[in-house]
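Shown below, as structure tokens, is a lone chain in the form predicted on its own; questions about how it binds or moves come after it.
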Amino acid sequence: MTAENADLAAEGPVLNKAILGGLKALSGVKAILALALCLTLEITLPPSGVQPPVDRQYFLYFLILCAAVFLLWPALFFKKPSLRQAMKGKDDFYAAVFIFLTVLNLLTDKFAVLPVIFFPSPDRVLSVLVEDFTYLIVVCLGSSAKLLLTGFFSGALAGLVTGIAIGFSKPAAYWLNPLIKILGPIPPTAWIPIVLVAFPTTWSGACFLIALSVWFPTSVMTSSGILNVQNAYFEVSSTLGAKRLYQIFLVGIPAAMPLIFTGLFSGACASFLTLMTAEMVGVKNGIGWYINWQREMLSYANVYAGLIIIAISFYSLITLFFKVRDRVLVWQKGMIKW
């Protein structure tokens, strides 16, 4: 073997490792191929002409934007390693999403197989999100956010107070437990006929319904968490001279935090459902009211746009909720999987 061949043989494993590392870094290959299929069909196939026309090809712009993100993603890996985890293992999912959008576009815009009124093309839905952005996001979503946050924090505060009282006070448990067992399982929306009569405005009534939907799971899980705290914690703190308030706020409540967050999470999910129902029934503004209004007008492109806004907003709120939970329960990292 010559010296040149020996050098090539020695460099072989190094080159193989470099190529393998490059392939690992190039995530999103399947998603890029699916995007290429979407772009090809969108550009080559003419629209059926049955769907109402739009001013711009918003779906084509959306696909180009997604393609640019996925093509630039590997370059971002070298600057922010955390982005590698965001893409890892999700290539098949993103590819499936783009294939679904391709099929939907073919069935609605290209061949008009589905009923035009009830199944608008992606171009029409995206045009609503772009052209009606100010009213849909700023006015309707802002109104829904104000109503949701007011009701959620009111119900969460009431649930925490009720749960702590039941957990630490036997007289409070004696009087409040039957009330929770009787009123708690009743769906909040079942109170709508009474709320419409008892409250001066539909907005205040909707706040009460949302607060009620959060109050029940929060109070139950808070009291359960406190009652399941080991007595040894209180005995040790008492031995060290801790007073009653210290045991409540610095021993019992922190130890019950995992179950408290479980109750808050359940209450948050229930509040989303109650918010949509309350807005569709009586509140004269908000994203739920917007969807119901557009449904009555048979503007289903606006309905789907509203549903997309709801999905993104609620997903963001749940993600923020879990971030707060991870920060508060940092001492549980590696012990409990959520």
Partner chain sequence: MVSEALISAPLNQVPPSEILGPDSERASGVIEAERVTKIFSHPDGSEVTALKNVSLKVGAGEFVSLIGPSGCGKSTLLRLVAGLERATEGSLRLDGKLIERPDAERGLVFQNPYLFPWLNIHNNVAFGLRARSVYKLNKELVAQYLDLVGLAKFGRVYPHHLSGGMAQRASLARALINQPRVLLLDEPLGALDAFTRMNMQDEILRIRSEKRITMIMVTHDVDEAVYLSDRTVVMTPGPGRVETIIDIPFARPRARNTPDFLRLRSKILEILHFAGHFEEPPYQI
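Residue numbers count along the first chain shown, from 1. Since the model is a prediction, treat every value here as computed from it, not as a measurement.
Heads up, the form predicted in complex with its partner chain isn't pictured, but that's what we're talking about next.
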Q.
So its partner chain isn't shown here. In the model of the complex, which residue out of 104, 165, 130, 242 has a non-hydrogen atom within 4.5 Å of it?
A. 242
Q: Identify, from the list 73, 265, 94, 246, the residue with a heavy atom within 4.5 Å of its partner chain in the model of the complex.
A: 246
Q) Just to confirm, residue 255 within 4.5 Å of its partner chain in the model of the complex by heavy atoms? A) yes
Q: Determine whether any heavy atom of residue 191 comes within 4.5 Å of a heavy atom of its partner chain in the model of the complex, and answer yes or no.
A: no
Q) residue 236: heavy atom within 4.5 Å of its partner chain in the model of the complex? A) yes
Q: Considering only heavy atoms, tell me if residue 330 and its partner chain come within 4.5 Å of each other in the model of the complex.
A: yes
Q: Name the stretch, out of 174-182, 246-254, 155-163, 121-129, where some heavy atom lies within 4.5 Å of its partner chain in the model of the complex.
A: 246-254
**Q.** Residues from 207-233 in contact with its partner chain (non-hydrogen atom within 4.5 Å) in the model of the complex
**A.** 230, 232, 233
